[in-house]
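Before any questions on how it binds or moves, here is one chain, the form predicted alone, in structure tokens.
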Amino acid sequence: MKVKVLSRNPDDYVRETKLDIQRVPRNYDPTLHPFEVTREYTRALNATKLERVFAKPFLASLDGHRDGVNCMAKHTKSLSTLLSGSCDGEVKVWNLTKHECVRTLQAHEGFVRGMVVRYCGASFFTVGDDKTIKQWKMEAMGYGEEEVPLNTILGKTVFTGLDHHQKDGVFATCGQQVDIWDEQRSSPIRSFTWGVDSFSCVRFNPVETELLGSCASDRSIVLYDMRESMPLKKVIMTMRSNTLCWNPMEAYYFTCSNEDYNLYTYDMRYLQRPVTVHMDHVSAVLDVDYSPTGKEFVSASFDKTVRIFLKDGGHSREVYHTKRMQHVICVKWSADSKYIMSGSDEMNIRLWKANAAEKLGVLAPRERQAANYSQKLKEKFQHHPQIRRIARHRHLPKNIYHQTKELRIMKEARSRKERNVRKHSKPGTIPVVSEKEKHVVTVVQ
């Protein structure tokens, strides 16, 4: 006779101390939990709705400039320090945690065209309409001392942009040509020209530090290698690019902001067509900056909005606007990937959250766990029509909404006309040109 005896090990269910949590046995067999997906869907729907309820991205407005904010620079070592230059030649240093200006200096006559902090964080450079490059000490002067630059270089022409090398004492400026300067010398160590009368922006690659990119006034984007005596190659587009920004994680990729309301992400090895065309703005895009993770970037536009795009997303995931904010001229993404700073025409710098519904401050463990759980649920059910509709909806100002609608109608009309022409033409005479290839005129090696 066989006797079956129940045998249970107390280690499986008895607490070691009375402070421990009671262990609850759970069977994960899906047949025992028939309504699990339904329950999770409801939770995901509620989490998506709550995310839209708590989406309050605007944090602070830093006012103090007496003219439009023309350029900004992040401190390379301090998260809470931001520098800004305005159209009246004034430079301000801000403490972002206290939301106050800690230092003001009259740097230039006319516009401050560009500014950058040295890689060590001890000093910063500015260029202006008065044809000078000035190097300033980062810490403020003592009481009663006059603000004087550490070094001043007088150039032959107006400089329109500036960037510093990531590791060496070398910086680049652009104007009528792209110049590479050594900090110890008063004349450029190398100059690049390629039949262009002026450049609007120059940027060092943060990964391959010897590479540079620049935007020129003949609608081209030119790439350089500092070790070469000639530029590498350039791509000519249908309209002019205003600024470009390299991806800090993927060495070959850069994104440029264009006058045709779009942004284009290129692979520098293959410039015949952009990797992605990012659309949504309804006016010229004036500035772009990548998040430190390299997964997203933020753009500033003449249409008075700031938009956040995924690096491979054709449309923006977020749009920020206020009633008072005018044309946004410059934008920066903070080095901790949590905040966005935008400078605009009406003399203000605004601080935004990069993730609109994120709760700031220290989270309790249960709060963090709940946030992570709801995030995973939203990802799991993100393609369900109801959830997608709620997650994607953004309230837009009336004029932007109508402009978007108008642009959509115009685009549909153009494609309809193209289809009709193709239908009534000899087969093969009118090729289908993709959206990516439309905007590139030619690549010159």
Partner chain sequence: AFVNNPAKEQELNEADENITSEEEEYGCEDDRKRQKLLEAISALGGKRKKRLGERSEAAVQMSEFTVNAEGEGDKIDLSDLIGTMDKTPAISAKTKNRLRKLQKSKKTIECPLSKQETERIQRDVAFQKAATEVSRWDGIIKQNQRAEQLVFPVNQEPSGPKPMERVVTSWKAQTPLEQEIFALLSANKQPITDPILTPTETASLKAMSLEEAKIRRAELQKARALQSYYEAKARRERKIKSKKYHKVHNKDKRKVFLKQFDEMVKTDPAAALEELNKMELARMQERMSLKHQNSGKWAKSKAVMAKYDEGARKAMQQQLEVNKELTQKLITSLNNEEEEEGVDVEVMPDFVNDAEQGLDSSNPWMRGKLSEDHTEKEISDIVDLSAEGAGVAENTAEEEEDTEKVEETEEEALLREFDSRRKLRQAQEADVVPSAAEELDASDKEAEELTEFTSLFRGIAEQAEAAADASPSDTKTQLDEGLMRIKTLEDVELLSQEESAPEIASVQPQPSPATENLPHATQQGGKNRKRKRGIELKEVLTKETKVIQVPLAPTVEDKEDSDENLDQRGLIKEAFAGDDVISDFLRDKRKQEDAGKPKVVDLTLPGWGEWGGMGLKVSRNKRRRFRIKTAPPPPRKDERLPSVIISERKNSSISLHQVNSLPFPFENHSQFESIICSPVGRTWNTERTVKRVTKPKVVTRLGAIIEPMAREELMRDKNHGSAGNAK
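Nothing here was measured: the structure is a model prediction, and the numbers come from that model. Numbering follows the first chain given and starts at 1.
There is also a form predicted together with the partner chain; it is not shown, and the following applies to it.
- At a distance of at most 4.5 angstroms from the partner chain in the predicted bound form, none of the three residues 132, 217 and 438 contributes a non-hydrogen atom.
- Contact between residue 99 and the partner chain in the predicted bound form is not found at the 4.5 Å heavy atom cutoff.
- Although the partner is absent here, residue 52 sits far enough away that none of its heavy atoms falls within 4.5 Å of the partner chain in the predicted bound form.
- Among residues of the shown chain, residue 206 is one whose heavy atoms approach the partner chain to within 4.5 Å in the predicted bound form.
- Interface residue remark: residue 395 is not counted as part of the site for the partner chain in the predicted bound form, having no heavy atom within 4.5 Å.
- The listed set 106, 369, 187, 198 contains one residue whose heavy atoms approach the partner chain in the predicted bound form to within 4.5 Å, identified as 369.
- Between the options 88, 210, 260, 345, the residue in contact with the partner chain in the predicted bound form by a heavy atom within 4.5 angstroms is 210.
- Checking 372-380, 416-424, 53-61, 400-408 against the partner chain in the predicted bound form, the stretch whose residues place heavy atoms within 4.5 Å of it is 372-380.
- Of all the residues from 330-365, those having a non-hydrogen atom no more than 4.5 Å from the partner chain in the predicted bound form are 335, 336, 337, 338, 361, 362.
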